[in-house]
Structures are given as C-alpha cells and as structure tokens.
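Quick setup: one chain, the form predicted alone, written in structure tokens, and binding and motion questions come after.
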C-alpha cells in the first residue's frame, strides 16, 4: 500500500503533510523539562505532522537553545507553546540584577503562612525527605514578554498560547512570517480570539489533560467552529486514535491537537512513573484539580489530589502554586510514595496500552483515520 494521503486546509496553511499537531505540553515539576521536549517535536514533524515544543519548563535562554536545536535537527515546520495567563506573577524586565535562581526552600518563604504551615505538617506526618530544587527566576512563564521576543527573533513557524489570548502579538508575529494559535475551552473565547486575528484556534474539551475547561469536546467543537468561522479550528480533548480524528474532521475541524497520546511515546517527556500511570488507567482514572498550578488541570489520579482537597487551602497565583506542588511531589518521588504521584493526562488515558515511537504513532493515526473516512458506513446504518 502506498503512502496515505490526509490533507485539509491546515496542511497548506502550515506547510505540513498531515493535519495532526502534538500539543505543547509543559512540565509537571520545577526543574523538569518534561512534556513535549525537542525529541518529540522533531519526531512528529519529521513524520509529517507538526511537533510543538512545550516551552513553559524552560528559562528564556534555554528556550532559545531548544528552538535552535529543533532547527538544526529538522527542516520541517514546528511550533512553540508558551503560557500567557492573565493573572501571572511576572518578573519585571530589567530585573536581571537579581538572582537568576533561588533554592526551593527560599522560594517557599514567599508563600502565605498557612501554606507554609501546611507543607511543614505534611512533610513531618509523612516523613518526606528534604529535596532542594532550584527555582529559576527567568523562566518563560515568569518572563513571557522576553520569551515571545525570542520566538519572534527566531521566526518560529507557529506560536501557540496554551493559556491566554495571544491576539496582542499577532501583528508583530505576522510581520516575520509567523502564524499564531490560541487554545480555548469555550465558544466565547474562540470568537474573541478570532476577532483578535489569531490564525488557528484549538477548542479543547473538558476531557483533555493539563489545563482544561468545563465543556465536553463533542458539545464544544460545533459551537467553537461556528463562533470562530472562518478561522480554522482544531479539536483537542479525548482524541487518541483514528476514530477521534475522523470524528473531528467530519464535524468540520481542520485538524487535531493531541496531547496525552503523544506524551505516552518513547520521545514523550513524561516521567516513567507518569507513563506507567497512563498505561494502567481506565477512562475514570484522571482528576481535575487546582493543586498543581492553581488553575484547573487534569492529571492521572493520585493521593496528592485528596491531600490538597483536605487541606482547606485555596491555591496561590500561577506559577507560585507550582512551587508548592513541586515541593511535595518531589518529596513523594524521593520517598518512593508512588501513589501520591501522577502527571498531566487526559481521559483518553484509558485507551492507551502501549508506549511506542512518536513517528510510528503518527503514521498509525493517519492510516486509521484514512481507513475510517474512506470506507462505507456500517451495514446497519442507512443514509441517502
């Protein structure tokens, strides 16, 4: 059988062979460049899709280095995903005179007293060891403007905002030939992004891993497509095989944005323990919580969710909540308390039973999709 063909207008817009993008997933813990690293980006792009770098785990300098490594390893189009939430605690530009990194124990001193007391209590009760991570003060999440400038200077083919509306940067991005993508969880924001001239909109349903909204994918997609028209909409949330891709295309999407399935590949940057949790999951084994980042985020269920829920505490602003969760989770990992550990993952985890190379996965996804779209309806379905 010859090479399969699966094209939409998205392929022409981005210069790719297949309308499949790997989501720009970020890390779970401070100090971990996990999620969608360079290896995953290159593998997906080389196979004909578009790999997207999860840039939220990098310092500004590391982001530039990662982009240049991608360009050195492939001449195919790629993307970079950054987080641009509205209420971020941002380090001001020009603050370079201060420390570029501080110990985790020092960063925790800036937390509210009740959060510090709770952390101390949990560590003592559970016998957690001290883990001295270094907290970078020049990460892309703390310096979003500088990070955007890096992407523009490096002329990244596709800039993706995993959180927030990137409409403010569209004009400058277009001036250097960049396309801009925004991720939304409701139709209202899909319309808002379209009106701000964002090129591509990802509509992610509640099923998706990582930061997620309240509306299911099947309900969200047609409303987002109508709201964003004529901008192309990509489907995300609960898509992990050709059946999901075919359904999204049949509904009118221009392509798909796939996270969890690509996370569970050889090149996916998830910790081994998190990959094992995905493989062992059912469709009910993920949970939405604010414990990790302070925003609603879906991850593989583990006892950390219950621990946080029982604390009675509210989350501190992003990304400061990440410091709290990293302090605990790193201790759980070092103490071997695996039932308190679980990474970002969507409800599609229940469908994933094997870790395989990302390039092989992309080819299989295309073959499954084409087979479904090109065959006749089942014999018990009548349509005229």
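Positions refer to the first chain, counted from 1. All values derive from a computational prediction rather than experimental measurement.
The same protein also has a form predicted in complex with a small molecule, omitted here; what follows describes it.
Partner proximity in the predicted complex, defined as non-hydrogen atoms within 4.5 angstroms of the small molecule, places exactly one of 145-153, 100-108, 233-241, 124-132 at the interface: 233-241.
The putative spot formed by 45, 79 and 268 is not touched by the small molecule in the predicted complex; no residue has a non-hydrogen atom within 4.5 angstroms of it. Proximity of residue 361 to the small molecule in the predicted complex: non-hydrogen atoms within 4.5 Å are absent; the residue sits far from the partner. Contact check for residue 67: no non-hydrogen atom falls within 4.5 Å of the small molecule in the predicted complex. In the predicted complex, residue 56 approaches the small molecule with a heavy atom inside 4.5 Å. Using a 4.5 angstroms limit between non-hydrogen atoms, residue 20 is distant from the small molecule in the predicted complex.
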